[in-house]
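Single chain ahead, by itself, as structure tokens, in the form predicted alone.
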Amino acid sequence: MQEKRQKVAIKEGLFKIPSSPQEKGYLVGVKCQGCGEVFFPRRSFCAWCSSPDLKETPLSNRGKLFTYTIIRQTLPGSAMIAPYAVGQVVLPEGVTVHTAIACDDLNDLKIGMEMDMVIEKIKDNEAGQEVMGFKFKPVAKKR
């Protein structure tokens, strides 16, 4: 029987890793208790009203592609191999998330298309843990 390895986030506090296949992970934002603005990633005080009263809140897993660019040259030391896309996805909470984009055919990307957040393994660390990261991918088309 294969031992189940521990999964850790690439950066603590960015997202919740699902604990079972039935559960879906989510990005972790903060909501200002003073004015209601939502932020990602988390911050110490509200950028709109300067209140330090921020409460952790789960963010939606679905949003719309606001903009993107296709990277065609792999930079030395990069974990991502060109070609790949990066962009911004706007969530219903009004938050714009800077993200890598997972897409089989980069020509299929369209501004305004629905995107789903996924959490996937990026690499193994020195401790043998699976390092997880998030990205967005186009919503699967219904056939």
Partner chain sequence: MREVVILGAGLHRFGRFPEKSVEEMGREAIWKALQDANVPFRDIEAAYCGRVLPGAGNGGMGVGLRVITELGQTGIPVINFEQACASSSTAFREAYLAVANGVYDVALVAGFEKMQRGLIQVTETSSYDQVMGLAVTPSWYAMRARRYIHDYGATPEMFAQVSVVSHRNGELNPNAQYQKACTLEEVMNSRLIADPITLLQCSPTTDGAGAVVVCAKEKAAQYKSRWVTVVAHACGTGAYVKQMGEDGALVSEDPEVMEGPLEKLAKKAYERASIGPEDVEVAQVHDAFTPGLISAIEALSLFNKGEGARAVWEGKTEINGKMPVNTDGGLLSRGHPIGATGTGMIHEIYRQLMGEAGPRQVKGRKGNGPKVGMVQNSGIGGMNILIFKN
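Numbering follows the first chain given and starts at 1. Bear in mind that the values here come from a model prediction, so they are computed numbers and not experimental data.
Same protein, other form: the form predicted together with its partner chain, not shown, and the subject of what follows.
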query	finding
Its partner chain contact at Lys64 in the predicted complex, heavy atom, 4.5 Å	yes
Distance check, Tyr84 to its partner chain in the predicted complex, heavy atom within 4.5 Å	yes
Its partner chain contact in the predicted complex: His98, any heavy atom under 4.5 Å	yes
Partner proximity in the predicted complex: Val38 to its partner chain, non-hydrogen atom cutoff 4.5 Å	yes
Interface residue in the predicted complex among Ser60, Gln33, Thr57, Ser78, criterion: non-hydrogen atom within 4.5 angstroms of its partner chain	Ser78
Those residues of 85-121 which, in the predicted complex, come within 4.5 Å of its partner chain by heavy atom	Val86, Gly87, Gln88, Val90, Leu91, Pro92, Glu93, Gly94, Thr96, His98, Thr99, Ala100, Ile111
